[in-house]
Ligand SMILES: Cc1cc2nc3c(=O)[nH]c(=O)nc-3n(C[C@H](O)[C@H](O)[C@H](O)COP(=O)(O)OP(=O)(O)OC[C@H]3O[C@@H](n4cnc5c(N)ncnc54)[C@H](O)[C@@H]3O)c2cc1C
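Form predicted alone, single chain, as structure tokens, below.
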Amino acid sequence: MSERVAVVGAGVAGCGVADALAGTDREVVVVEKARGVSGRAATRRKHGCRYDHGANYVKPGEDDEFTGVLESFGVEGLHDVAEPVWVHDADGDIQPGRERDARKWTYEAGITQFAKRVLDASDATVELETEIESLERDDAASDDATATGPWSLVDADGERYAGFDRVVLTPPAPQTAALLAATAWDDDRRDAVRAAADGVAYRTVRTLVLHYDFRVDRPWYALVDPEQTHPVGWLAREECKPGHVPDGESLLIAQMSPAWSVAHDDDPTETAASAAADRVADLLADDRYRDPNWVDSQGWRYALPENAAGDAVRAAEAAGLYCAGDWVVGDGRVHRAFENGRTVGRRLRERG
């Protein structure tokens, strides 16, 4: 009987695990609570526009491996945003000069295409709209060579998905910690992994999407405040991406600073968008931006990890319990989450 692996979460890290296990004799099941894959590397469509409202693009990895993986899934519809990222400060002073020459990959159909292509190329089965609330472990099964795997997943309706030899948890660290707290396995290793996940802090980011029926050409694709002291932490022009915004229109992705985002976390979309639009208009010194003709919003409570989980997150791997994600490495970038997922997937292969 082939080994069965459950991956909780179909974000980029979970996709990395599935990619590393593709072509093996393992049965991989990816379970995702949302209606789609890709996690914070998310794309929406509205009023003829397509926009990435979490991660805005994919950067090259630490070496050529990630680039090779990206291109192996097909380059059709894959573009490099040509305009650079500039910086601004707490006073709104805009200056050239961040990552001018770095590649910024995006898809005409949206950044979710990366995860979709990875999963399509893998052998994994994907179960959407299935929220896992806890795990169970049957130690007797792990000692019986004729039994199915010792791990089970339990969803929000109490349904059990049983018989997994190994489980990989990829939700954000606080959600992983909560899942482990509810897990029926009295073992110090579980507690060590939970404590490691509990020790990861996050930045909260609220994204406001602001659409305008005019377009102003600018020399930059995006502005970023490296210190996150200005209310607008990141401002990107989605019209710089081919196929995202109709001609003559503009769509701004305003990702607000953590302090602003926490303060406005409960504001209704229209209220938060109006306040954000005022800040954008001040930053760009153009009052027309105070009045978008439609808006959208997304709150990312666990947007970016501030630190890494450390080696303790691997404490239960010998028992078949793994973790993967940007919070494991402490860097909230798409390529780092994917690379960590692949690293964990390779460890699974080696143990097998």
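Treat the numbers as computed from the prediction; the structure is a model and nothing was measured. All residue numbers are counted from 1 along the displayed sequence.
Below, we refer to the form predicted in complex with the ligand, which is not included among the displayed structures.
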- Query: Is there any non-hydrogen atom of residue 131 lying within 4.5 Å of the ligand in the predicted complex?
  - Reply: yes
- Query: Contact between residue 54 and the ligand in the predicted complex at 4.5 Å, heavy atoms?
  - Reply: yes
- Query: Does residue 106 make contact with the ligand in the predicted complex, using a 4.5 Å heavy atom cut-off?
  - Reply: no
- Query: Can any non-hydrogen atom of residue 300 be found within 4.5 angstroms of the ligand in the predicted complex?
  - Reply: yes
- Task: Could you tell me which of 288-296, 43-51, 306-314, 319-327 sits within 4.5 Å of the ligand in the predicted complex, going by non-hydrogen atoms?
- Result: 319-327
- Query: Does any residue in 161-178 get within 4.5 Å of the ligand in the predicted complex, counting heavy atoms only, and if so which ones?
  - Reply: 170, 171, 172, 175
